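The data below hold one chain only, encoded as structure tokens and taken in the form predicted alone.
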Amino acid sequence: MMEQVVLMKNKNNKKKFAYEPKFTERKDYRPEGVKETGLVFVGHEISEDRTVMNQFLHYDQLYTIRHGWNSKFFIGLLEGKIMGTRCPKCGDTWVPVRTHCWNLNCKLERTEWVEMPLTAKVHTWTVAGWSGRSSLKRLPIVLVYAIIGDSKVAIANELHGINPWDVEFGMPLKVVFKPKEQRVGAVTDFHFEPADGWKPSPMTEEKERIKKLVEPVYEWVKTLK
């Protein structure tokens, strides 16, 4: 199919690299009351001696993110699937996806789509003790880079259901999706949790150190209203 796409020519006899999409499904989940007004001067203030002026510029507009050849990954999220790509020559697989193989011997071979298992393992991780306002009450947040299936690269997402000091390199994970009605086609549609049956290893000096750093954050979050 893609070979046909590459050979397509428009009325000016120039090559086209993709069909013009015909969208047949649309869902709007913008919060009630949100309006895209673009760049608007919404007010100003002037100092008492009229030597200083501040202007208030409101920036609020609708963006369109066209995912192009990577669209199947995001459509897969809506369907509760992790879609990856695989090189038909060397067999290397990627999540996040790559449209072409980076193995020099494959000479940028075009990859094919594959559905990945909903299992992963921790490559590395960090514990966030501070965040933006929207996430403050969820602190401390465990952010992992995890390898899904046999992917050659890791993908970042939150790890839930574990004490921050119990995370371990290589620990098995499962991919957990939000309920279908809450998905928006973004990586935040899923998170990681420890695989069923996995148990942390006994406390170590390093785990105790992390625990001492994290426990005050838990206490501080309790004070937030």
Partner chain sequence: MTRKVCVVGGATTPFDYGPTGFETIEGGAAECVKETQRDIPDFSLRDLDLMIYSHFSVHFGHQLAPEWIIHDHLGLVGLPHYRVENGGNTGGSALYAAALAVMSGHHDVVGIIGWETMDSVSQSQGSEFIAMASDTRYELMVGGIYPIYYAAMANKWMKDNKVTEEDVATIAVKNKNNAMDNPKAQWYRNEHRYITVDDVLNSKLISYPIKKYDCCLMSRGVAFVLVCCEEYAKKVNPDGYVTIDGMGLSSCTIRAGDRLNNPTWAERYGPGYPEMTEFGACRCSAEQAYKMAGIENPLKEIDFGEIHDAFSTSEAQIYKALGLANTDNIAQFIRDEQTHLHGSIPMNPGGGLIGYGHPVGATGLMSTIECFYQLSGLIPKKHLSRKTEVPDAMCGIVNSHAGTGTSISNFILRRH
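Positions refer to the first chain, counted from 1. Everything numeric here is computed off the predicted structure, so don't read it as measured data. What we label the rigid core is the largest C-alpha set whose atoms superpose within 1.5 Å from one form to the other.
In what follows, reference is made to the form predicted together with its partner chain, a form of this protein that is not presented.
Chemist: Just to confirm the contact call: exactly one of 60-68, 42-50, 29-37, 195-203 touches its partner chain in the predicted complex at a 4.5 Å heavy atom cutoff, so which is it?
Modeler: Residues of 60-68 come within 4.5 Å of the partner.
Chemist: Even though the partner isn't displayed, in the predicted complex is L213 close enough to its partner chain, meaning a heavy atom within 4.5 Å?
Modeler: It does: once its partner chain is placed as it appears in the predicted complex, L213 has a heavy atom within 4.5 Å of it.
Chemist: Is R138 near its partner chain? Define near as a heavy atom within 4.5 Å, in the predicted complex.
Modeler: Because a heavy atom of R138 falls inside 4.5 Å of its partner chain in the predicted complex, the answer is yes.
Chemist: Wondering, does D166 line up within 4.5 Å of its partner chain in the predicted complex on heavy atoms?
Modeler: Output for D166 is no: heavy atoms all beyond 4.5 Å of its partner chain.
Chemist: Is the gap between T188 and its partner chain in the predicted complex 4.5 Å or less for some heavy atom pair?
Modeler: Because a heavy atom of T188 falls inside 4.5 Å of its partner chain in the predicted complex, the answer is yes.
Chemist: Thinking of F74, P96 and A154 as the candidate spot, does its partner chain come within 4.5 Å of a heavy atom on all of them in the predicted complex?
Modeler: Judged in the predicted complex, F74, P96 and A154 all sit within 4.5 Å of its partner chain.
Chemist: Can you name the residues of 118-145 that have a non-hydrogen atom within 4.5 angstroms of its partner chain in the predicted complex?
Modeler: Read in sequence order, the residues that approach its partner chain (within 4.5 Å, in the predicted complex) are H123, T124, W125, T126, V127, A128, G129, W130, S131, G132, R133, S134, S135, L136, R138, I141, L143, Y145.
Chemist: Superposing on the rigid core, is the CA of S131 displaced by 2 Å or more between this form and the one not shown?
Modeler: The answer is yes, as the C-alpha of S131 shifts between this form and the one not shown by 2 Å or more after core alignment.
Chemist: For E206, does the CA position differ by 2 Å or more between this form and the one not shown when the superposition is done on the rigid core?
Modeler: True for E206: a C-alpha shift of 2 Å or more.
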